[in-house]
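To begin, one chain is listed below as structure tokens, in the form predicted alone.
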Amino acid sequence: MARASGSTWFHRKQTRELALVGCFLLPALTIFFLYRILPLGWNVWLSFNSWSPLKGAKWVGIDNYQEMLFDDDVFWDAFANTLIFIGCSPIAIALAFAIALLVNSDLKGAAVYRTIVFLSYPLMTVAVGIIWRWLYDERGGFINYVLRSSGIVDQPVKFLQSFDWALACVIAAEFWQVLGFYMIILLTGLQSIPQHLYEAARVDGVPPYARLLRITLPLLRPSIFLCIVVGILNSFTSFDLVYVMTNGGPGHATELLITYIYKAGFGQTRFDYAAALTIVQFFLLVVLTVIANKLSGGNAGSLER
């Protein structure tokens, strides 16, 4: 009876489908575990120890976190710069939204403009950093050339060497690269909105700004949420752009958490402290993503059945 019961359970259609889905998901889940969950667990363990490749691990409890929060001014500079980086993302999203509205209209040559805006996104981030470092260059940079030729400034502006300008310049370069991606996401969302809603609103005499607020923005909520998440992720992964353009300088004016983690781990060989920084960055990423989801309605990205 036991064999018959087990055989019946295995031959059920739902069980076979679940087994098939499990077989398809197993490779992806294995890779996710090996390259995401396992490193995260390793970093959690390492952050509570004193460890380097030349010595064994020694349990130190929360000493690394205490040093980070109370004795490390560079951490707070990197933390603040990362939040500024994230806080500026809505500006890029708003610009991309305006461009998406423009190219989604009956504008002549809209396809060409879409292509031009999107061309910056496929470029390697290192190449983007090199291009913008040359544009900001004090001696031969294009921006300084235009400013001096037009008589706006008499002396070249040291954009990337200035404590006041450096972070803004890096953020502008990041905007330029990711603007096309935001535009494509928002344009896809705009084109998925049923046109009969706008037609009904026009018949009822609803003005354009009201159609934008009552139809477009509510239905674009999932696309906007995706752009916000991408902006948060870019703020945590912009290592190559910052490293090429400023290397976190001048001083620590453009230091981000990701660049500070690299310097702590590979520059100072303090892998335990770098692990603690990584855990703080991970929890900050989770908190900001949850907040963004709540602000977008609490169910952004969910599938409708």
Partner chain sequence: MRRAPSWPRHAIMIAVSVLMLIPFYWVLKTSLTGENIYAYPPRIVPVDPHLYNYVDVWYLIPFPRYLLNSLIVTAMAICGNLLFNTAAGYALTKQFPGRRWIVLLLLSCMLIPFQATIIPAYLITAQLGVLNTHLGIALPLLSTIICIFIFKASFESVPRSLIDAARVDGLGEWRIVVRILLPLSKSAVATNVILTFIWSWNAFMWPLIVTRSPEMQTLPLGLARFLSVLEDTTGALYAFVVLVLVPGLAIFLMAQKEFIRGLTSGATKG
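Residue numbers count along the first chain shown, from 1. Note that the coordinates shown come from a computational prediction; the quantities given were computed from them, not determined experimentally. We call the rigid core the largest set of C-alpha positions that still match within 1.5 Å between the two forms.
Beyond the structure shown, there is the form predicted together with the partner chain, which is absent from this document and is the topic of what follows.
The partner is absent here, but in the predicted complex a heavy atom of L107, alone among I193, L107, I91, L212, sits within 4.5 Å of the partner chain. Only one of L69, A57, I62, L38 comes within 4.5 Å of the partner chain in the predicted complex through a heavy atom, and that residue is L38. Residues D73, F97 and V287 are none of them found to lie within 4.5 Å of the partner chain in the predicted complex, as judged by heavy atom distances.
Of the candidate stretches 78-86, 163-171, 212-220, 136-144, only 136-144 has residues whose heavy atoms lie within 4.5 Å of the partner chain in the predicted complex. Within 4.5 Å of any heavy atom of the partner chain in the predicted complex lies no heavy atom of S47. In the predicted complex, the partner chain sits beyond 4.5 Å of every heavy atom of Y198. In the predicted complex, I228 stays away from the partner chain, with no heavy atom inside 4.5 Å. At the 4.5 Å threshold, heavy atoms of G205 stay clear of the partner chain in the predicted complex, well away from it. Contacts with the partner chain in the predicted complex, taken as any heavy atom within 4.5 Å, map within 97-117 to I99, L102, V103, S105, D106, L107, K108, Y113, R114, T115, I116, V117.
If you fit the rigid core between this form and the one not shown, you'll see the Cα of L20 move by 2 angstroms or more.
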